[in-house]
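Presented as structure tokens, the chain that follows is alone, the form predicted on its own.
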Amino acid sequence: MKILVPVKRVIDANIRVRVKADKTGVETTNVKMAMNPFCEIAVEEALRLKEKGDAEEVIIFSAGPEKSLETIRAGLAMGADRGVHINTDATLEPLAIAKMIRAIAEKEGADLVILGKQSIDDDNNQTGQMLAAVMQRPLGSYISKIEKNEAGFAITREIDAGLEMLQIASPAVVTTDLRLNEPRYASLPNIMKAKRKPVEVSTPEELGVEVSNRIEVIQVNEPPAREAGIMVADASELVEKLKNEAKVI
């Protein structure tokens, strides 16, 4: 079994995001970037499936500018076998990304595509669903457990009412939730080995994927500042404020 893991380069989760002065987007110049945390979980789960003997190869995929290679190398340093980079400076929307992943998955003959349920920059939570649709494959979303079996994959997914256990056929697409695993840290020897692992570079045009955008960003603004809290003397004063000022009771 081959596993394809798409990953995304985003602003590091520990960095405070700043809006550009012209309000056209967020500032990324000289800002620390990292692999999207949900993508890290996807890479970790692919590696665990390989270590259990359920997969022979784990391939890391990323689309974006040349610096996206750093994100691919991070996945290779965790233990993946090789990478595929779609080099483009265009702003990529979920549908275009899904079509690129489909092209690579079909070319590689990937039996399973594991990707994070969303990225922490735009929080769209769309790519996995779109990918399953364009590939006409079964989808397991928000999974907190996955096991390979003869019929395909047994998955546990998180829903509002609790946990839902399903059986999906192979080949399939799954998206990872936070509680699936704890990603490993890449060791220094593996970081050095990752520099020698092969990464195939292509373009959207070579894949036959159009990347024209259908969404126009009008303006990006900082969220409103939170107002300071109010100290109350006792419970009766709290009830009075909730009733007369907040009008929640």
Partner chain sequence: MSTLVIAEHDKSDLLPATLNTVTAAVQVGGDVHVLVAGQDCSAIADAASKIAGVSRVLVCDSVTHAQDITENMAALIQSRSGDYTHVMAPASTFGKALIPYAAALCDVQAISDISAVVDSHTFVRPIYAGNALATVRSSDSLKMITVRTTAFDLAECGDGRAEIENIEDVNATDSVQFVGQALSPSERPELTSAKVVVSGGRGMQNGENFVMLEQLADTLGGAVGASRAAVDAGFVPNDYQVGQTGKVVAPDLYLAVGISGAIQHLAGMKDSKVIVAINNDEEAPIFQVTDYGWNEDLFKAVPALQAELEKE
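Since this is a predicted model, take the numbers as computed values, not measurements. Residue numbers count along the first chain shown, from 1. C-alpha atoms forming the largest set that superposes within 1.5 Å between two forms make up the rigid core.
Keep in mind that the form predicted in complex with its partner chain is not shown, yet the notes after this line are about it.
Specify the contacting stretch among 192-200, 44-52, 177-185, 58-66, defined as having any heavy atom within 4.5 Å of its partner chain in the predicted complex.
Of the stretches listed, the one contacting the partner is 177-185.
May I ask you to check whether Gly208 falls inside a 4.5 Å heavy atom distance of its partner chain in the predicted complex?
Output for Gly208 is no: heavy atoms all beyond 4.5 Å of its partner chain.
Would Ala90 count as touching its partner chain in the predicted complex under a 4.5 Å heavy atom rule?
Taking the distances in the predicted complex, the answer for Ala90 is no, it never comes within 4.5 Å of its partner chain.
Within a 4.5 Å heavy atom cut-off, is Glu150 in contact with its partner chain in the predicted complex?
Because no heavy atom of Glu150 falls inside 4.5 Å of its partner chain in the predicted complex, the answer is no.
At the 4.5 Å heavy atom threshold, is Ala74 in contact with its partner chain in the predicted complex?
No, no contact at 4.5 Å.
At a 4.5 angstroms cut-off on non-hydrogen atoms, which residues of 124-143 are near its partner chain in the predicted complex? List them in order.
Counting only heavy atoms within 4.5 Å of its partner chain in the predicted complex, the contacting residues of 124-143 are Asn124, Asn125, Gln126, Gln129, Met130, Ala132, Ala133, Val134, Gln136, Arg137, Pro138, Leu139, Ser141, Tyr142.
Please check if Arg18 moves between this form and the one not shown, taking a CA shift of 2 Å or more relative to the superposed core as movement.
After core superposition, the C-alpha of Arg18 moves less than 2 Å between this form and the one not shown.
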